[in-house]
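First, one chain by itself in structure tokens, the form predicted alone.
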């Protein structure tokens, strides 16, 4: 089987209709009704949009209204998780190479193709050898193609990273302010404890422990909220674009990073708030 990029709907307006057309159908009958019926595969988006299933007969033509061939749908393929193809509203049809050449009347011509090398071969050396063999084409390693096609996504990734850094800094400042306010509200209690003999280090440990516990609980709740939000995002956009690509993920490394960062910020905020509290005299804390 061979992919048919030329017969994508936006590129060539391929005419795919059920093979039981009415008398007014613009699609002409097959060129050779006595020949063996060829098989094709279509992607799941086309199958869902046209209401097609495995075993259906359709007319395949290079253009709408042109003479076509009667073919049988042998399989329905699922789209791969390729970010570069998510926004493309294209339908894909795969057919045998000789069938493609006959249908498009472009024998011995191809727009692009892929060559798989052995595992021990160097892709850069293979592409260089191919480019030196003749003129008229250009070979690229798959890694370079992936880099070029993912340039937009790298920009989006850097943009999201910048947003994340700004959010973390703002959250840290907000957490410090809230901790300072909460600790300051309890200055009378701390002053009374200091008067009955509680040491400064005990006050610091108690405040830091409480801030760490609050940070841990908040990070766990945030991880759960993030997992639920990612599930909703994936459920919606995978249905819209008919792709298995996951648009949002919550990995264990992300959870570990979030919990560690939250605990670190909680400890720092609690330590700063406690130091500000224990530096004041006990009588000053209780308002005397």
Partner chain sequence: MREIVLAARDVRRDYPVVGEPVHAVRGISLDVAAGDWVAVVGPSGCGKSTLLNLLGAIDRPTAGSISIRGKDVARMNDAEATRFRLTGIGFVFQRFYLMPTLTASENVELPMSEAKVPRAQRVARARELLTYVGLGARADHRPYQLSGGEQQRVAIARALANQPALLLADEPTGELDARTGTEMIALFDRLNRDGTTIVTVTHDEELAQAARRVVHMKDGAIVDQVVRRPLGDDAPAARGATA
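Numbering follows the first chain given and starts at 1. Since we're looking at a predicted model, the values are computed, not measured.
The following text describes the form predicted in complex with its partner chain, which does not appear among the structures shown.
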Its partner chain contact at residue 199 in the predicted complex, heavy atom, 4.5 Å: yes
Look up in the predicted complex whether residue 195 has a non-hydrogen atom within 4.5 angstroms of its partner chain, and give yes or no. yes
Using the partner position in the predicted complex, report whether residue 122 sits within 4.5 Å of its partner chain, counting heavy atoms only. no
Residue 189 within 4.5 Å of its partner chain in the predicted complex, heavy atoms: yes
Work out which of the listed stretches, 168-176, 200-208, 132-140, 70-78, brings a heavy atom within 4.5 angstroms of its partner chain in the predicted complex. 200-208
